[in-house]
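This document opens with one chain alone, in structure tokens, the form predicted alone.
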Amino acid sequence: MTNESAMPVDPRKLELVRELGHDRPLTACHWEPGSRFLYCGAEDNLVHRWELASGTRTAMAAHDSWVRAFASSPNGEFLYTGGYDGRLITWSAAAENPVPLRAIEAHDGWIRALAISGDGRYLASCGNDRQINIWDAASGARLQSLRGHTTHVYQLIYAKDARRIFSCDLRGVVFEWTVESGVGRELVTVKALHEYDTTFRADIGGARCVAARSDGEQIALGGISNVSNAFAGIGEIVVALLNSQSGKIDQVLQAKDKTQGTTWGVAHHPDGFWIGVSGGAGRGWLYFWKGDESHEFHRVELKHDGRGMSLSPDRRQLAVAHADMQLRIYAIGGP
């Protein structure tokens, strides 16, 4: 596999190149396809848009809760956001003073994640009401509601052919859905992504992030594993690689030193490696895995907890949303 930018990259030459500060902890980030803007959510119920050329930040108000779910139309014209308020908002991405083009009360409870089809025609959302909703991206009409999960649906992603959707819930149960028929089947339970704490009588787990391998043959599901305290969220980082054809787990990626925390972001680089960001216990790390081995070949300690990550369209930079109120941009160096 080759990088879209032609020259290969070397994550061992990662460099912090920019910090964009805010006055509240950040919750997630999203790099739009045109590379003009970076978006993030924060603990202030706003969506924040940074124009990268000027460093100008614009606050976008429409949610009554934190925002962690983002998606963009393939041409970057529209931004979609989902909040813990259950509201799905459509924005004109480049508007000088962005206001919602459309606001939908999409779920009963949190919207956990959004996914856009490759052609930009359809938008999928999932949340705490155990549903997956398929929307017409242009009109906002709800086309389907997919039901089968018995617990909160944490993440979802379109297959490369856009004919299927993969979803993962709180207990690590993965479904495959045929978009045209709306029929789903349970593929596998990822045991590494779930724990039941008998002391607190609570489930903890689910995929907190998801990404597809560049060729579409694998789906990465990141979260928390080997949980010892559900109340405090104490466990170890993990990424499970699901084979999108067989529905089986190809590999489980973890940290050599059993790092405490949660994997809050995952991405695949076309040069053939997986990237994960973790946060927990006041510390954050970037991890790099080849995918054929369970442990990382390189890692970098961050300045604070990582809460979200987005790979730039040219695949040469990483944005990380941090709990210390900073959006940091890292360059992935060359040979």
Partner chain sequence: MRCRYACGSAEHELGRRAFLRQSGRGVAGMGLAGLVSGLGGMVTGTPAVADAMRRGGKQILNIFLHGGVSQLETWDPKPNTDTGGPFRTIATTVPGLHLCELLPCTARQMHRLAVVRSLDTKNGDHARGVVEMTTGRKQMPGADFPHLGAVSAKALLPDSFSLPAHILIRSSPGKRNVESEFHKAAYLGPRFASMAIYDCKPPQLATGPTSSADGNLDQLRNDLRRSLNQRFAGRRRTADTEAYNFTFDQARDLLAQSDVFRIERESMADQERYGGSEFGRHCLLARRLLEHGVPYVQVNHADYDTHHENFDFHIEQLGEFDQPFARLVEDLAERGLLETTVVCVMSEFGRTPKINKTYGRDHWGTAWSVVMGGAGVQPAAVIGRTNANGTQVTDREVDHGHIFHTILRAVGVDSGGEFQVGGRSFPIADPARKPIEELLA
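For clarity, every value in this text was computed on a predicted model and none was experimentally measured. Residue numbers count along the first chain shown, from 1.
The form predicted in complex with the partner chain exists for this protein as well; it is not shown, and the discussion that follows is about that form.
Distance criterion of 4.5 Å from any heavy atom to the partner chain in the predicted bound form singles out 230 from the list 249, 179, 137, 230.
The candidate spot formed by 37, 115 and 312 is out of contact with the partner chain in the predicted bound form: none of the three has a heavy atom within 4.5 Å.
The closest non-hydrogen atom of residue 32 lies beyond 4.5 Å of the partner chain in the predicted bound form. When the partner chain is considered in the predicted bound form, residue 204 lines it closely, a heavy atom lying within 4.5 Å. Residue 149 falls outside the set of residues with a heavy atom inside 4.5 Å of the partner chain in the predicted bound form.
A residue is said to contact a partner when one of its heavy atoms sits within 4.5 Å of a partner heavy atom; residue 269 fails this definition for the partner chain in the predicted bound form, lying far away. Judged by heavy atoms within 4.5 Å of the partner chain in the predicted bound form, the contact stretch among the candidates 213-221, 129-137, 238-246, 150-158 is 150-158. Counting a residue when any of its non-hydrogen atoms is within 4.5 Å of the partner chain in the predicted bound form, the hits in 246-277 run 262, 264.
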